[in-house]
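Next up: just one chain, as structure tokens, the form predicted alone.
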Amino acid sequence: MEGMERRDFLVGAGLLAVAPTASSAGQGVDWGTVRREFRLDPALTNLGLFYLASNPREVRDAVDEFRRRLDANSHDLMPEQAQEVAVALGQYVGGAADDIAFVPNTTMGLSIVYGGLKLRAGQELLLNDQDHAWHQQAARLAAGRAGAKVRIGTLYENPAKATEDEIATRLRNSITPQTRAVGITWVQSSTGLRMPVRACAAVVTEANRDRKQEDRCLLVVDGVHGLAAVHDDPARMGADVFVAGTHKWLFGPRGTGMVWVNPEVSGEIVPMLPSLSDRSETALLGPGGFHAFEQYFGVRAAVRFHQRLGRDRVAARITELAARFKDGLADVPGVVVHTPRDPATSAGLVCFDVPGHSGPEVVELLRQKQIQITTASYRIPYARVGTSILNTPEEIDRTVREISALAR
């Protein structure tokens, strides 16, 4: 189904409720009906749904429909549909279609950005020690080719107590005249901390005062755990580049992602690979060749699904469940939560320690109770929970009870 027919189907099915629910975060949305749009294991309490998302019915149907159309005649499909996806993503992030490039995932997007950045010998890329290892590796590979270097800094003492002022001050003191790009992560998968992107952007803007264009410091944001989990416009936060997979919180088809580039700096990043699209300077950054096009074309359905729910409602529901989990853990003796309690500095990820157990041990012990959580794949593998809109308060409470039992 396309256009109004699809919307009528979802409203008729009760996805958008006529009256508010009991939860202020769920006003206008029947979350039970939303959950039934997904093919989840009913026997599993899954608090790792952000990892590689389940797709709602609308996205599955779109992928199937595009697959049928490609099988029938692929020549009639690609340019028109690609533009529609770019328009949808541009609107969703608060930017323009021409400022969007398609990539398979966040890692590929970051690699293309750093690899294509006009970087000279003697310059540096400045990252955070809590950026994902693959973010750091993408920067190191690019710096090695250019004769530049990567410097890894620490922007806060304690993630649970980090403040905007602390992060901004440390970043200001870390940037040097040689810093060509600063890389940060919007919502850190290692700690659950939501970085103050606007404050970091202001610091970078200050550092760029009186710099020549070829020396301009760019702010590159890994936004994969903020896109569709935080109610904000990534293209309006002051960053120069925003990179995110769409197959996590947005519920997009697997193997799809995006790069948004501020048009003021699009000339500072050159293509690394031949591109399939020449619709804009930024689109040229997307790798060419043949892809699983039905997956890419299905991204538009994921965007529309979220737009109907309302990005504010989605973010509020995620925040409500995360707060419930953090509040529950606060009453468990010995458990240490590494994610801020303040919703302004956190999102849907909560990282924690249980006394007497490593992160992987907590994952395994909960798995035996049919509860799926994950660990943060970093130097210290904290146990980690993600509160999706597909989860319920009852699932959160049950998980807290089981963690409490482990902590005794």
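From a predicted model like this one, the values you see are computed outputs, not experimental measurements. So that there is no doubt, residue numbering starts at 1 and follows the sequence shown.
Just so it is clear, the following notes concern the form predicted together with a small molecule, a form of the same protein that is not shown.
Contact annotation: T282 falls outside 4.5 Å of the small molecule in the predicted bound form, judged by heavy atom distances.
Using a 4.5 Å cutoff between non-hydrogen atoms, T106 counts as a contact of the small molecule in the predicted bound form. When the small molecule is considered in the predicted bound form, K248 lines it closely, a heavy atom lying within 4.5 Å. Of the heavy atoms in T185, some are within 4.5 Å of the small molecule in the predicted bound form. For the options V224, A138, I100, V220, the one in contact with the small molecule in the predicted bound form, meaning a heavy atom within 4.5 Å, is V224.
The partner is absent here, but in the predicted bound form a heavy atom of H132, alone among H132, K326, R180, R194, sits within 4.5 Å of the small molecule.
Stretch-level contact check against the small molecule in the predicted bound form with heavy atoms at 4.5 Å: of 163-171, 311-319, 295-303, 240-248, the positive one is 240-248.
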